[in-house]
Each structure stands twice: as structure tokens, then as C-alpha cells.
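This document opens with one chain alone, in C-alpha cells, the form predicted alone.
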Amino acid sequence: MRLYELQRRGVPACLATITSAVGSTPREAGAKMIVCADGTTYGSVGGGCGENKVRSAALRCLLRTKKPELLEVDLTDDIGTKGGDVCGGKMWIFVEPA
């Protein structure tokens, strides 16, 4: 519903969808997040550094490349190396213009 409303109003946005996840992750496959060109987000793909990576990819898609991208978000690093975003799993997130 939110995406339809944004499209109707002509707001540039990307849709990020978790396509698969293995191990312990904050969200499961199918979770979605909308990222607007102004940085506004709706929904969540897990928060933290992983979500920041998705936001950056979405803005890159909207403002430069105009192409979809499949991201790997690795949450398996040693404790402390990524500022606390260690859950123990990996997620693959498809980011596409909406």
C-alpha cells in the first residue's frame, strides 16, 4: 500500500527485499524495506550496519545507476569488528527501483 501511494505521488523509491537468509539473522526472507530518494525509509530489513548498506545501495540505484543490485549482508564477523552487528548469519537482499 505504501509503495503504491509513493508511486502515485511520483516519489522516487527503491524496494529492498530479503531473498534468502542463512544462520541467525534479524529478519527472514520476504522482509521488505522501501527507500525514498530523500533517504526516508519504510519497513526494515534488519537495522544496523546491514540496513545502512541497503540504504546506500538504494540511493546509488535511484541517483546514479538506475539498475537493480543483489547485496550480501554478512553478519558473521568476529565480535566487535563491525560495531556490534554480529548475528551469525548472512542475508541476500535484492534492491530494485520501484
Partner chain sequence: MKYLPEILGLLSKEETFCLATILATAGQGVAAGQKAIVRPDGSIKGDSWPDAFAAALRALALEALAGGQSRSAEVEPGVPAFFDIISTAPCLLICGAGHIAMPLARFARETGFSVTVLDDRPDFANLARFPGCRAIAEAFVPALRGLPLGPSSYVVVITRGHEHDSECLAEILRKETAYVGLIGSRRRGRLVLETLGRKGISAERLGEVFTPIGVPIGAESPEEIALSIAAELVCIRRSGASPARALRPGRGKLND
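Numbering follows the first chain given and starts at 1. The structure presented is a predicted model; accordingly, all values stated were derived computationally and were not measured.
As for the form predicted in complex with its partner chain, it is not shown, yet the points below apply to it.
- Using a 4.5 Å cutoff between non-hydrogen atoms, T17 counts as a contact of its partner chain in the predicted complex.
- Mapping the unseen interface onto this chain, G30 counts among the residues with a heavy atom inside 4.5 Å of its partner chain in the predicted complex.
- At the 4.5 Å threshold, heavy atoms of L63 stay clear of its partner chain in the predicted complex, well away from it.
- In the predicted complex, at least one heavy atom of P68 sits within 4.5 Å of a heavy atom of its partner chain.
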